[in-house]
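Only one chain is shown below, in structure tokens, and it's the form predicted on its own.
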């Protein structure tokens, strides 16, 4: 095992670190405005402290360590996902958490990282063997690597996170390049899976998609989340109602206002200007990760960094899209803003790995 004893002696992208911590501070500030002196805020601060410790811990290792142990992390993540289905805690109709003392661990958040590391190894092999752009055989291998995570997470059920696995794998595949004929076959396969999969969705999952298409059809049940979220975002207008003055959030009209729907809570307080600032920070964060990818010195570092960056990107796009009514409502948190221990710590680990991958 190789340990890097000079964490700060190596060049790090301090710009992406600064934006990361700035968004985290905005998230804590927003959470404090929702529940004054709440246990949620105290716990979230604790999770950030644990996340910082994990971030520094990741930085203490070099890239070769993660490359050598990648399949250990992969198998370990699958084992945890299986454990969730056996002994996991059930909450709100889903079985997603493992109880460890006073803490609840959501393995799927860390499984995303394990998948990213595994994809880096797979695409490194493709690159070395000259099998890029990808043919049908290579796409099937990528699908096989992703499939256990998708199935085990969908069984919880957590379709939103399951789709994140697919989107991360697809992002790396498109980045590497796919042969035209193979791409056409993939699109046809995706269409068939979507058509067949509709009949296997649970009733509440179908209702969410129907509500996305027409939320006013059932405004007090399936369309309630989207309608209240839109009202909150729109009521913020240009400058917002002011910190802790949002009526939709303070009067509990917004469901899950501290987790999946923290974006409309923020928008109501700070308005269009505040939303633009927050989205600009996310834009800077993602573009900094893209610049970091350009500094990768080998295929493993490059493809792993792309996969890790895709985790952040898709979480942001899906969460903001669903709260604005542009996408169906799924259980995907907004990185660094939403309350949640596993997601917060996983974000710190993901950033640490991105920096380690390109550090020389």
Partner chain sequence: MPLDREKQLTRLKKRLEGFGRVAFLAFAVLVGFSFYLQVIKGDYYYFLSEKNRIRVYPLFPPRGKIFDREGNVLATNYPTFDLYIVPYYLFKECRKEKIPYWKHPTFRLLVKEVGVDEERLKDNLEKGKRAPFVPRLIAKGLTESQLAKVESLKWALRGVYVDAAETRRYPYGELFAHVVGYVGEVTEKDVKSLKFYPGDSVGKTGLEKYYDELLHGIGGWESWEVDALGHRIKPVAKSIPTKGMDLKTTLLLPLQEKAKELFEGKIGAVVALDPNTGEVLALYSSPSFDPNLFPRGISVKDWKRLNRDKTRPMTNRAISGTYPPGSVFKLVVALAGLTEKKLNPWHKINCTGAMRFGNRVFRCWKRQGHGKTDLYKGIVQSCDVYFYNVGKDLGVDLISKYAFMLGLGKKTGIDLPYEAKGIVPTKKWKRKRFKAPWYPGETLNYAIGQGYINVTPIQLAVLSSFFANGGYLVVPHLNLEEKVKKIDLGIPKRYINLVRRAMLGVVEDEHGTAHWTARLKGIKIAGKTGTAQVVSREIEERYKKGHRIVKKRYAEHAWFVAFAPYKKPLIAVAVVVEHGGHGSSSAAPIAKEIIAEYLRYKGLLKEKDAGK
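Residue numbers count along the first chain shown, from 1. Note that the structure is predicted; figures quoted are calculated from it, not measured.
Keep in mind that the form predicted together with its partner chain is not shown, yet the notes after this line are about it.
A.B. asks: State the residue from 210, 231, 99, 141 whose non-hydrogen atoms include one within 4.5 Å of its partner chain in the predicted bound form.
C.D. replies: Selected option: 231.
A.B. asks: Though its partner chain is not shown, can you say which of 59, 296, 330, 34 has a heavy atom within 4.5 Å of it in the predicted bound form?
C.D. replies: The option sitting close enough to the partner is 296.
A.B. asks: Heavy atoms within 4.5 Å of its partner chain in the predicted bound form: which of the stretches 142-150, 186-194, 199-207, 124-132 has them?
C.D. replies: Single hit among the candidates: 124-132.
A.B. asks: Consider residue 72 of the chain shown here, and say whether it contacts its partner chain in the predicted bound form, taking contact as heavy atoms within 4.5 Å.
C.D. replies: No, no contact at 4.5 Å.
A.B. asks: Do residue 272 and its partner chain come within 4.5 Å of each other in the predicted bound form, heavy atoms counted?
C.D. replies: So residue 272 counts as contacting its partner chain.
A.B. asks: Is residue 262 close enough to touch its partner chain in the predicted bound form, meaning at least one heavy atom pair within 4.5 Å?
C.D. replies: So residue 262 does not count as contacting its partner chain.
A.B. asks: Counting only non-hydrogen atoms and a 4.5 angstroms cut-off, does residue 55 reach its partner chain in the predicted bound form?
C.D. replies: The answer is no: residue 55 has no heavy atom within 4.5 Å of its partner chain.
A.B. asks: Can you confirm whether 251, 303 and 321, the three residues that make up this candidate site, all sit within 4.5 Å of its partner chain in the predicted bound form, judged by heavy atoms?
C.D. replies: Looking in the predicted bound form, the three residues 251, 303 and 321 all sit within 4.5 Å of its partner chain (heavy atoms).
A.B. asks: Heavy atom within 4.5 Å of its partner chain in the predicted bound form: which residues of 313-333 qualify?
C.D. replies: The stretch touches the partner through 313, 316, 317, 320, 321, 324, 326.
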